[in-house]
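In the block that follows, a single chain appears as structure tokens, in the form predicted alone.
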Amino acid sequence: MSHRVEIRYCTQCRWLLRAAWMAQELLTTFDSELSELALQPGTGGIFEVSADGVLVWSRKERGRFPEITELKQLVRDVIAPERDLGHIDRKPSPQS
């Protein structure tokens, strides 16, 4: 199945580089799941990330930018919930 991620960013705030870097990280991590990643310029301090139409991050709602690891986890939860992100998930080792 093909998936789409959208990153809406504020051009007035000069957040294109931040958005582009996050786009690159998501494209690298989800290279086999994503068919499209769109950067959408906006205004008014917007910085939002959606996966398959589901808003996974809003700077306005959370009051900050996402850490890249948490953004990858949030996107994964929508587009590939069964996928293990390896060291990012930091799952405790099973006890023997």
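Note that the coordinates shown come from a computational prediction; the quantities given were computed from them, not determined experimentally. All residue numbers refer to positions in the sequence shown, first residue = 1.
Form predicted in complex with a further copy of the same chain: not shown, discussed below.
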When a further copy of the same chain is placed as it is in the predicted bound form, are Ala20, Thr28 and Glu36 each within 4.5 Å of it, taking any non-hydrogen atom of the residue? yes
Do Gly45 and a further copy of the same chain come within 4.5 Å of each other in the predicted bound form, heavy atoms counted? no
Residue contact check: Val78 to a further copy of the same chain in the predicted bound form, 4.5 Å heavy atom: no
Is there a heavy atom of Leu16 no more than 4.5 Å from a heavy atom of a further copy of the same chain in the predicted bound form? yes
Is there a heavy atom of Gln40 lying 4.5 Å or less from a heavy atom of a further copy of the same chain in the predicted bound form? yes
